[in-house]
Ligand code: ADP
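One chain comes next, on its own, written out as structure tokens in the form predicted on its own.
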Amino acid sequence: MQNRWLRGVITIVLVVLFVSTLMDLLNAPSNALQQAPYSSLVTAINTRQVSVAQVDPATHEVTWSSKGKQYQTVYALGYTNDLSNLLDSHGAQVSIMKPSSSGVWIGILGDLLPLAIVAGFLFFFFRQSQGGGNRMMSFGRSQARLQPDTQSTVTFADVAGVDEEKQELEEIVDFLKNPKRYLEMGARIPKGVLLFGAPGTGKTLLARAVAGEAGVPFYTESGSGFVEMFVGVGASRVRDLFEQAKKSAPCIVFIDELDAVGRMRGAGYGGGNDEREQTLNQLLVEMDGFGINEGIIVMAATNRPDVLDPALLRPGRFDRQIVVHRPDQEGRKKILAVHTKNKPLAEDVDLAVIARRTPGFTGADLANLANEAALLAARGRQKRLSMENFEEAAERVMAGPQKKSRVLSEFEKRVVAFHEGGHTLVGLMVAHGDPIHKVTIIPRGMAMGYTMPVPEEDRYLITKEQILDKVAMSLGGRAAEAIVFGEISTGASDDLEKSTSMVRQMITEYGMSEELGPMTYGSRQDQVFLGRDLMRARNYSEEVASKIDQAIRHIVMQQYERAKNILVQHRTTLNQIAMGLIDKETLSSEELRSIVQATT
């Protein structure tokens, strides 16, 4: 804080000096002294045209006035007395300035001041461009931050929903606490631990918890913090990081987003011996090269382990790899308990129900959910968080805030009501449909309305019949529009994309097509990364591609007709659901159940 205040003061002083110098230059008088040769001065003196003269022995200059104009003349060294006598003998008022050493220094300072201001600005610019309080040429030093002891310590008790991952890391904690026990048995603890998983699953939090449990220093740095535009800077920073860590051993060095520096060498168009590859080479050497880093455990996190260089993943470097999964239903309940322990909860709040209604949420998503619920309660001036706050927060996270200002016409409202009613009714009638928690026609985010199915339990496998039921439910909205209005709208664009994608995956990835058989077609990777698969040829012919397209169209149309048949058969129920939506805008699971029971 003190260094930041000092930099601010220096910046203000430099700006003031710069502005004052600039103003002096701009306000310089336009009628500056005219330079006159010595011969003109002598002629003017002899003709008694010089009235006033000022002689400066220090600079050997004489300033004189003639006919209302100011002139300045430089005379030769040693002529001060002769020039003064000549002026005095011709009736001029002569004044001789007292020689002073300070005048010389003032002139020198006046000449050097602009250069000093420019140098100060350049110095400040280089310091700021390198970030923080670094010196101008210290960008080869590591930017890693050592977590201070005053910071709140994170332990395994603060990390929930990842019990298996914590068990894998308890061995690391025990080694950091009691290294002698392992060394006496000749055991070698893993030098590197790689945590990978979906964003928000708690990889960084787990690394901090290991340091907190073991009570050792924790150095943290991002992968992009090593790489600079200057050749050799990244490797220098890696060396400096490990030198700092050796002084604090045993300790943990944590590298976040490892793929920024550890991507496969030679991949893509760049290749070659660039700065990133030199940085990676230095990291490989420090982890398991000629250097000895006893007591230093390197932990890293990434979302893309598939693009990492194989040399990083071999035994002796990151020889322990831990997948941090999305939490299951019980894990989500524990995570919610952690994030709500300091929040006043109403009696109707049931964390188990919230966990069941948030499948696929990560730890970060659940933390955001709890925070959104607290914000909603504070906005409503409530004293406690209610179940309604959590339900609204979950819908905000999944679909966005309500668009109450978006006013639909009566026709659009009817179309949206029957569209969502079609989704709901097909979802209720198919054999493997998930229970419908809520259906609404209130616009939220980009959606004009939505149907919210909630699975009763987490699924890790899905059957062909379950996929087909999901496709039929997705197409129920379009089918309802065609049946009721005799025409279709643009509201089903997202439904069509999802249903087509599910069927394509079913055929090309899961081998669930009777025509094409139990085979996979094409690459399973979702995106081209670093050019790694850019030149990879498609592993099936044009004939097979045509068959895939035909199979996709056949299944989609089959499920579309199936959805239409369900809606035609239960047309009365569809009308009641749509009318209820037009009247109330939102129907709960209990209201839907009563409508179905009354009409079937």
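Please read all numbers here as calculations on a predicted model, not as lab measurements. Residue positions are given as counts along the sequence shown, with the first one as 1.
In what follows, reference is made to the form predicted in complex with this ligand, a form of this protein that is not presented.
- Query: Should T279 be counted as a contact of this ligand in the predicted complex, where contact means heavy atoms within 4.5 Å?
  - Reply: So T279 does not count as contacting this ligand.
- Task: Using the partner position in the predicted complex, report whether T201 sits within 4.5 Å of this ligand, counting heavy atoms only.
- Result: T201: contacts this ligand in the predicted complex.
- Message: So, H339 and this ligand: in the predicted complex, are they within 4.5 Å at any heavy atom pair?
- Response: H339 belongs to the contact set for this ligand.
- May I ask you to check whether M519 falls inside a 4.5 Å heavy atom distance of this ligand in the predicted complex? It does not: once this ligand is placed as it appears in the predicted complex, M519 has no heavy atom within 4.5 Å of it.
- Option from 473-481, 176-184, 494-502, 203-211 whose residues, in the predicted complex, bring a heavy atom within 4.5 Å of this ligand: That would be 203-211.
- Message: Please tell me which of G363, G192, G234, G427 lies within 4.5 Å of this ligand in the predicted complex, judged by heavy atoms.
- Response: Selected option: G363.
- Query: Looking at L369, I255, V162, L169, which has any heavy atom no more than 4.5 Å from this ligand in the predicted complex?
  - Reply: Selected residue: V162.
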